[in-house]
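One chain comes next, on its own, written as structure tokens: the form predicted alone.
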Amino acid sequence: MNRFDFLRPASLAEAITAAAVPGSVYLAAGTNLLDLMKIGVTRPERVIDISRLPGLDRIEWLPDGGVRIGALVRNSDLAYDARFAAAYPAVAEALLSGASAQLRNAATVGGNLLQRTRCAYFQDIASACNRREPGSGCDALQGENRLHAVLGWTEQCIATHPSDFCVPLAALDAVVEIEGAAGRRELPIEALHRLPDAISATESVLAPGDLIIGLRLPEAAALAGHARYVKLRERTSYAFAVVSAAAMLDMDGDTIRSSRIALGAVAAKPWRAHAAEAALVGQRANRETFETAATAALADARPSGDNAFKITLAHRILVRALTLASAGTPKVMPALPASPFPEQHAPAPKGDLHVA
């Protein structure tokens, strides 16, 4: 690990000023950053510790029924907040399906949004990677790529975004609050992460020195009773998704009034499935309807390498997520959150997560 300067600003304004110096990075929990520093992928000259900045670790309920979540709120604290889990059960399920309990206890909401890809070529400094070194190429294109993107990829980059948390956030139209040298601004989460284009594989629209300070979720009571997040992974715990899906339904009996759907691990950003949502409006909640919606969601999917199977898996996981959501949100968090196996409905080992 290279030598670097370590700063601990006392205020948000001081942190923004410090980050304006080239070569600076923010440090919150460091669950992703420190790993990348150790393997030489990231070599900052200045590390700015924001973990003790005041006011960024709060969950605040808004007058309109929505919620504001500070960027330094811990993943586990948010998932185990009973009111939050009841209002946004698919988000809580996604949070509890990510990483290990130890990491969830440390990792922050803001850091989760900005996770770097887990592509092996990005993490290997001997490999060509446009994300790590723009213009160097993409060794993943001709390499081991079975877990890479099937939507929105280009010859510049075929990596996927690793977050579970961001998938239901995208479905719910979360808004990200950002502070930077140009002042404070807001972005819909769909606009935060970038797809690779012909020129760049830059991961987000954040400018150097920008800091995520929080995010807001709109009121979603109509969706809370039929909301699930389903994640398929190569081992049941402590693994990133091969594919995942968030599905939330507003039901009138067995008829779908509206829905919110997003896919994970299929692109360089959480993939909002607007076409699938449109296909569900006014339809009966049954297998045929869900198959039609999944086909619409993946209409533009294409393999980026040895991963055509991911398109089939994503289709099946979305059908499974819609089927589970239509059956109703469980009264307690499943013992294995986000597992595709519906029989796993024992109470979680910590906290009261009743959501019905």
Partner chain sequence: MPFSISLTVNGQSNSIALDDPRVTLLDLLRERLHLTGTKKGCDRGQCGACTVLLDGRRINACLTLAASLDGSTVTTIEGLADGTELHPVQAAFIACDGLQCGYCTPGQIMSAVGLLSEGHAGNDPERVRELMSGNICRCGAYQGITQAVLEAGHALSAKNDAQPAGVPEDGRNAA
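Note that the structure is predicted; figures quoted are calculated from it, not measured. Positions refer to the first chain, counted from 1.
Quick note: we don't show the form predicted in complex with its partner chain, though the next part is all about it.
Between its partner chain and the residues G66, G30, G305, G70, the one pair within 4.5 Å by heavy atoms in the predicted complex involves G30. Looking at its partner chain in the predicted complex, residues M1, A86 and S100 each place a heavy atom within 4.5 Å of it. Comparing 255-263, 232-240, 149-157, 215-223 against its partner chain in the predicted complex, the single stretch with non-hydrogen atoms within 4.5 angstroms of it is 232-240.
Within this chain, Q123 lines the site of its partner chain in the predicted complex, having a heavy atom no more than 4.5 Å away.
Its partner chain in the predicted complex is approached by A106, whose closest heavy atom lies within 4.5 angstroms of it. None of the heavy atoms of D57 is located within 4.5 Å of its partner chain in the predicted complex. Its partner chain in the predicted complex comes within 4.5 Å of no heavy atom belonging to Q115.
For the stretch 26-60, the set of residues having any non-hydrogen atom within 4.5 angstroms of its partner chain in the predicted complex comprises L27, A29, G30, T31, L34, D35, K38, I39, D49, S51, R52, in sequence order.
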